[in-house]
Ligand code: G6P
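The chain that follows stands alone, in the form predicted on its own, written as structure tokens.
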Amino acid sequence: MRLTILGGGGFRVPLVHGALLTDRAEGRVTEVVLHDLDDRRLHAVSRVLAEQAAGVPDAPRVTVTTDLDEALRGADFVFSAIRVGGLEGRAADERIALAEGVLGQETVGAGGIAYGLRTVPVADDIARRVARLAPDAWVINFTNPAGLVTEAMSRHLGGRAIGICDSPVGLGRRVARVLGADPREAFVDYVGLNHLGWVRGLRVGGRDLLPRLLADPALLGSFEEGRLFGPDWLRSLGAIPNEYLHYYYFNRETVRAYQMAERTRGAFLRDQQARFYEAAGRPDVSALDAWDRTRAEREATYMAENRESAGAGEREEEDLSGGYEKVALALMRAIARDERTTLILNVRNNGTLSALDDDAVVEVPCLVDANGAHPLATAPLPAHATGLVCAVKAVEREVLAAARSASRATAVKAFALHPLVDSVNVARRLADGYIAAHPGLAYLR
């Protein structure tokens, strides 16, 4: 089976490759094609992968290319993890938004809109090429903003475009762990959009264990989301929010923490990864060791400003391992081998949330088999969550419309309608600032 990774020079590619090396079953991935626009990054990552595979019998064959069409031909699965504009673009997204006093995070608020506006045209092109060159391939999208980009690609590929994210996986794992349950046996009732969802139940053997957690303030305060949001707020919600909802529920404090930080997250990652790629390209350096050290630092500093503003302390050791690569592997296994499983994925709504139309991409538990991912029926969200989901989905739709009409006015509308942007005038300045900073937004007129 052939897997093509778009963004193959990306820093997290070794996580996917490491997961593939553990798969010894029939029908596994035997060929990996790395595609990237940057030869230097491809060389560095391919060195990491070669060291990972050393001593592993029958490791997947790895090839690299900068030719997109060549990478797509013959693919069974396409894993999309591109970053349009690079980390320099992310740093600019954060800087421009913070100068206006609003959030510039890469998937939430103004930064997410800017990132989406320059990514959707590229994602559209990739999806059209997949439909032409590899019509039977499944696209697994990890490109951020994951829900928005998956919806853009699904307009060309239908249900063959499926989005994944590690946030719900990590949240479900933490909730199960604190309740003494095995995450592999627990059903996580998680509903929302990407980076905008809530755990409303955790069922083991048909019994919901979440009420016990919500009734115990000490237990609530013993894991990351409890420290981040506070036990009282979680009990008021009657649910455990995705960590990214901290940007909404504590927006003022988060923006202030980001403004006071020595560097934004994007600037930190830009500088950190520049050091990694420089080191990993040197023949006298172990690329795998350099990658391991860099990854450990990256994971430990994840959402550091949010944790600092909430007094949440350091991340737990168990939460430093990511998880999206395991979701990707489980998804590929289920489809390729018809191994039925349940995963939290970004898929077309198809009636799952009554407040949204069928084509809206939502993040919900899905039954996965050889025919793809099928969202499971779910109870409606409460009014406050429905309102937020509908507002953010409306913004995503404006981003899609702006990208496809090349309309600056529609882009301004997307910024202005977002719950975390508090003025139409601010929206206009954001659009102007982003268009001036990013060549990839020159299409907006």
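Every value quoted in this text rests on a predicted model; they were computed, and no experiment measured them. We number the residues from 1 along the sequence you see.
In what follows, reference is made to the form predicted together with ligand G6P, a form of this protein that is not presented.
Work out which of the listed stretches, 262 to 270, 280 to 288, 218 to 226, 71 to 79, brings a heavy atom within 4.5 angstroms of ligand G6P in the predicted bound form.
Looking at the partner contacts, the answer comes out as 262 to 270.
Identify which of R160, H195, R348, R200 has a heavy atom within 4.5 Å of ligand G6P in the predicted bound form; exactly one of them does.
If I apply the 4.5 Å criterion carefully, the residue I get is H195.
Please identify the residue among S167, T254, S154, T352 with any heavy atom within 4.5 Å of ligand G6P in the predicted bound form.
Checked against the cut-off, the match is S167.
4.5 Å heavy atom contact, Y244 to ligand G6P in the predicted bound form:
Yes.
Taking the shortest heavy atom distance, is R12 within 4.5 Å of ligand G6P in the predicted bound form?
Judged by the heavy-atom cut-off of 4.5 Å, R12 is in contact with ligand G6P in the predicted bound form.
Taking any heavy atom pair closer than or equal to 4.5 Å as contact, tell me whether R129 reaches ligand G6P in the predicted bound form.
Judged by the heavy-atom cut-off of 4.5 Å, R129 is well away from ligand G6P in the predicted bound form.
Does any part of F187 reach within 4.5 Å of ligand G6P in the predicted bound form? Heavy atoms only, please.
Flag for F187 set to no.
Output the sequence-ordered list of residues from 127 to 146 with at least one heavy atom within 4.5 Å of ligand G6P in the predicted bound form.
Just N144.
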